[in-house]
Each structure stands twice: as structure tokens, then as C-alpha cells.
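Included below are C-alpha cells for two forms of one protein chain, each presented in isolation as structure 1 and structure 2.
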Structure 1
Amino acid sequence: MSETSQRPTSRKGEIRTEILSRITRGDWPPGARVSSEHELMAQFGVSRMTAHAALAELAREGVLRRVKGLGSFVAPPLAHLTVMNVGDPAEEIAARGALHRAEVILAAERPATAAEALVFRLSEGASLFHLVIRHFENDAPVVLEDRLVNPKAAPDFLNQDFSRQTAFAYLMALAPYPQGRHIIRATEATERLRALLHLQPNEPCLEIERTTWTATCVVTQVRLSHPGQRFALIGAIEPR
């Protein structure tokens, strides 16, 4: 969920939408080979650079797995461990005895892409609220929060001052006990993340993706990116 994401009107966006749609419909199950660069060039009338960029972007997002000399394949479901209690960045920073500060980078309403519409169970182009915030711990950037919110669940979301109250706290006040899931993955940092999180050369990111919903709708999806060398997930082992 990049702050520059828009409804795909570019040729690269059209290719992404087509590939994601075919995967979602089951035309290409996990392990299936998707259209090659040359096939996409012929189908969409684009340059090889555009076809390559679309496939490479989906590979970076973990949707596809690229094998040199063989092509691009639908990535298998990720192996996973259940991790609980991913919470409010401000509370977690305060619990470490540090000072929290938040910088709002983006707060805007925009149309949902095809992939985002699937997550929120909305029509492509439906309105979503997009919030990007950088969280600081003692003036060092430690979390980049990139969040989408369903306006039906929080119609006044963009009217809040998120430099004073976190989006997590505001949404939890509206829906105190939502259902949800976490996905945690190691990612290669983009140039944007390197700049915003002050990453060292070749330092990876630890990304936590959280989607929460109520009985009536998907409320929010957020990606929390952390510096890989300055962040750890710690849990407790408790008796059953």
C-alpha cells in the first residue's frame, strides 16, 4: 500500500489487475505459470520494460515467484506462525520508557485498486481513506504506518488529528473487539523506506500487515514497516 497508489489506469496497472484477477478467480492456482513478458507484450501492446515492471512488482509483493529462464509462477501460500498482541505503536514505545512522536505524511481519500477492493469486499474504484504516518521513538523513526480505512466503518476518520491520537486507538474505540489477522514478513526495503526510516545500507525491513473486520465490513488494512536491525518481536509462552 504505497502512498502513491492510485486506481490503475497505466498499462502496467492494467497488467497487474489482469494477473491478480486471474489468480483470484482460480485460473492460476499456486505454482501455476503466468503469462510471460512476451505474451503480455502481445496481449496489452506494451513494451518489454512495462511487462517486466508489472511482473517484477508482483514478485516484490510476494504474489509471484520468478525463476530465471523459466518464467513467473504464482507464489505458494506463505508458511506462518501465529503471533498475537500487535498493538498501538504509541503504547509500545511508551512501554519501553521512550517518547513517542507521530508525523502525518499523507491523509487523503482515494479510489480502491482492484487488489484493495478484494480485501475490503468493495467495488473497484470505491472510496478508501489512506493514511501514512511515521512514528518516532526518542526522535528516531521506528515505524512507517501505511493504512487504508473503509469510510463506511469510520466516516470521520480523516477529520482526526493523528499527530495526537493514533489511528489504532481511534479505530479501536469505534470497534473495540474486531476480528482480524496478522501477516509478518521480512522485506527488502525500497528507497522510500530507506529514506523515511533512516535504514543502513542493505538493512531489511520487518513488515507487519494487519487486516481487521467486524460482522458487517472490513474496517482497515495496515502495513507497519520497521527497521530490521532495530526491531524484534517478543512473545510469551504460557501454559494452556
Structure 2
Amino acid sequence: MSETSQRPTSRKGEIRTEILSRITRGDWPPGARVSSEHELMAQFGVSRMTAHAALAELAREGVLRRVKGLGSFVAPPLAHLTVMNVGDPAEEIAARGALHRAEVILAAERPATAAEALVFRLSEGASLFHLVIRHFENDAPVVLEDRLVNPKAAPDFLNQDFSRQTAFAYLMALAPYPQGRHIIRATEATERLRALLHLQPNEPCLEIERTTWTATCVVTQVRLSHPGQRFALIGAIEPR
């Protein structure tokens, strides 16, 4: 994408933009069959590898769907794909040019409840680390981080100084490239959140709950509560 109105710098790019423009012009509606690799070889005077690379790239991006023995087809563009960066609260605040400060409210070890044991695939009552941290942006509280950590994944977790390095950064160093899922909700704030985040009367919270795991175990589950009036998630939309 983003290449729609750029001059291509490579033979592959030429083919790409030509195909993309035919699709957006409507010459090739969703479902239509586009040129085959051999046809592109003749039309553009390139080798089959180059024609293949152009089509394969468009297929990877979701613009085309390719079927062995049949051909390449314009994929139905029936869903946006929304992409959002969710990173270290400290880094995001710093990226906005603001000052970050973290306050540890709770850092303790305790037995898992039945529900938590299920999430972490542990037995009920197994030990979990529980961390609660309040993040400030220029002295205004912007996130309450409520995090559970699997001791098997990070046995030394509670000995960290979380006012210096965030839990996010520490866990990412221990278990880089995790998989995960997240849930975004709008919730009515509890009295505790109302006080900790300095919420206005009736101001809701934007909650992000994130569970991440590696091949071997569930690493952490975190709930990030943001003040609704002072926080929004912004992201880009990509076609698929």
C-alpha cells in the first residue's frame, strides 16, 4: 500500500502498481482473474521470478488470492484491518514529549484464584505475582496497570525496580516475540479507579486487557485502565 501514487523503482514495483491501479480503477473488480505469471513475463519483459515476486507480494498483503493450477484473483475487500501499536507506557508517554513517572502501588506474591489459574494453565492456589502500578504523564495519572505474572516465566520479577524499568520492558526482554490477545472495553470506573486516576464524575475508563504467552507458558495478563476523557487509541487502517 502507500505505493499507489509513487513511481516504482524496480521492475517488481512497476508490475505491482500497474496491477493495483487496474484494481482501484475498477478494471479488475473483486473476484476477477488478474494476469498470470507468464502473461506478465510477456507484457513487462521480465523473468518469471520477477513476475512471481510481484504477484506473491500482493497476495501476502491480501490484495490477491492465488490458487495453484487456477490463477490469481482479486481478493474481496470486505474487511478493514486495523493495526495499532501497543507498547511500553513509558515509551509512549516519552514519544509524546511528556515526562513519565511510575508509582508502585502493590508488588506481591499470592495464590491464584480459580479463574486466574485457568488463564495461566496452573492449578488453583499456585503462586502468582501481582503488580499494580500507576503511570503519570507530566504528573497527571494516565494509566493504572494491574498485572499478573507467571513465576515460572519470570521468577525474579518482584525484585525489579519498576520505577526505573517498566514491567513491560522487563518481560519483553525475558520473553521476546510473544503471542497474545487483547480486549478493549469501555467501563464504568470503580471508586478506587476514580480516585487513583483523578477521574471526573461519570468519566468512564478505556480498558485494555492483554494476555501474552510463549510456546511454553502464559507469561502475563495485564489490565490497563485509562481515563476516558484524556486518552484514545489511534491506529492506521490497512486493506485486506
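For residue numbers, the reference is structure 1: its sequence is counted from 1. A quick note: this is a predicted structure, and the numbers were derived from the prediction, not measured. Here, rigid core means the biggest group of C-alpha atoms that superpose within 1.5 Å across both forms.
- Looking at the condition given, the form predicted in complex with the DNA, one finds it describes the source of structure 2 alone.
- When the rigid core is held fixed, the Cα atom of His38 travels 2 angstroms or more between structures 1 and 2.
- The two forms, fitted on the rigid core, differ between structures 1 and 2 by 2 Å or more at the CA of Arg60.
- With the core superposed, Leu171 shows a C-alpha displacement below 2 Å between structures 1 and 2.
- Here Thr17 exhibits a Cα shift of 57.1 Å between structures 1 and 2, evaluated on the superposed rigid core.
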